[in-house]
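What follows is one chain in C-alpha cells, specifically the form predicted alone.
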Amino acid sequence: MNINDVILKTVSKAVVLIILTFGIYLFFSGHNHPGGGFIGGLVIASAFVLMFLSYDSETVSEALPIDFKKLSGLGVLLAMTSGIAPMFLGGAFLSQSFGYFDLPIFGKTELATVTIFEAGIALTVIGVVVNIILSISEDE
C-alpha cells in the first residue's frame, strides 16, 4: 500500500535535525550535567527510528549506509579501550584525566578522556536500539 505522506516526510526532516542537535548537546554536556553517552545515544537513536518510520527501510539504508551491528560493536570496543588504556600508563581501570585547552572558536575549554568512554556508550546504545527496532519491523 502506497500512502501519500508528504507532510510526515517534510516535517520529519526538520524534526530529525532538531533531535540530532539535542542528542549531541546531551552527549557533550554529560560529564558535567545530566546527560552523557547513554541518554545522548537514546535521543540520537530516536532520530534514526523516526527516519525509518517516515521513510521505508530500504530508502534510509541507501541514503545512510550504516551497519548498526558493527556500530554497536565499535562502541563496545571504544568504551573498553578507553577503560583499559589507563592501565598501561600505570593508572586504574577507567581512570580519567582532563585538561583545559584554549581552542580557537570555543575559547578555554575542558577536555576529558571520559568523553571517549561516553562516545563508546553512545555508539553502543545507538546501534542496539536501531537494531532492535529494525528487527521488530522485519518480523511483520
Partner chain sequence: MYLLILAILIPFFFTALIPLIHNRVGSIHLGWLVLIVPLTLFSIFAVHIPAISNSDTLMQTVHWIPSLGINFTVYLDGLSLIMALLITGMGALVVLYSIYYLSSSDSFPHFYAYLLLFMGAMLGVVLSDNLLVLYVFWELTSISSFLLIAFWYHRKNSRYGAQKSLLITVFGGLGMLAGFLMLHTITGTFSIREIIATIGQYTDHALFYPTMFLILLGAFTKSAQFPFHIWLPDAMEAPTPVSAYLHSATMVKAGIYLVARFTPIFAGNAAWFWTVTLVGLVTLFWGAYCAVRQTDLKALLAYSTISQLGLIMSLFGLGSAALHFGDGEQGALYGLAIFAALFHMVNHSTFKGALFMVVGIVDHQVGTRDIRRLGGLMAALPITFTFAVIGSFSMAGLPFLNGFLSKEMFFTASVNAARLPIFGASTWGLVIPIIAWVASVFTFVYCMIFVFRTFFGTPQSKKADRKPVEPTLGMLVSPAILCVFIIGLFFAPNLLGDHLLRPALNGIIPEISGATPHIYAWHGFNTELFMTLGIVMVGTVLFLTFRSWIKIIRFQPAGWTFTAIYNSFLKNLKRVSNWITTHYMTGHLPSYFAYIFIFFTLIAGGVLIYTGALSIDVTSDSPVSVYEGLLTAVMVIAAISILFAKSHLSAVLLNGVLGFSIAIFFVLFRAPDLALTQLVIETVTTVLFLLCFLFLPEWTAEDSSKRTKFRNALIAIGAGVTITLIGLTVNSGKLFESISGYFENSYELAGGDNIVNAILGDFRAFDTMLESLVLFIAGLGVYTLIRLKLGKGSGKDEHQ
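Residue numbers count along the first chain shown, from 1. A quick note: this is a predicted structure, and the numbers were derived from the prediction, not measured.
Omitted here: the form predicted together with its partner chain. The next part is about that form.
Is there a heavy atom of residue 107 lying 4.5 Å or less from a heavy atom of its partner chain in the predicted complex?
-> Residue-level check for residue 107: no, no contact with its partner chain.
Using 4.5 Å between non-hydrogen atoms, is residue 65 touching its partner chain in the predicted complex?
-> Result no; residue 65 lies far from its partner chain in the predicted complex.
With the cut-off set at 4.5 Å between non-hydrogen atoms, does residue 24 touch its partner chain in the predicted complex?
-> The answer is no: residue 24 has no heavy atom within 4.5 Å of its partner chain.
Report whether the minimum heavy atom distance between residue 51 and its partner chain in the predicted complex is within 4.5 Å.
-> It does not: once its partner chain is placed as it appears in the predicted complex, residue 51 has no heavy atom within 4.5 Å of it.
Within 55-73, which residues come within 4.5 Å of its partner chain in the predicted complex, counting heavy atoms only?
-> 69, 72, 73, in sequence order.
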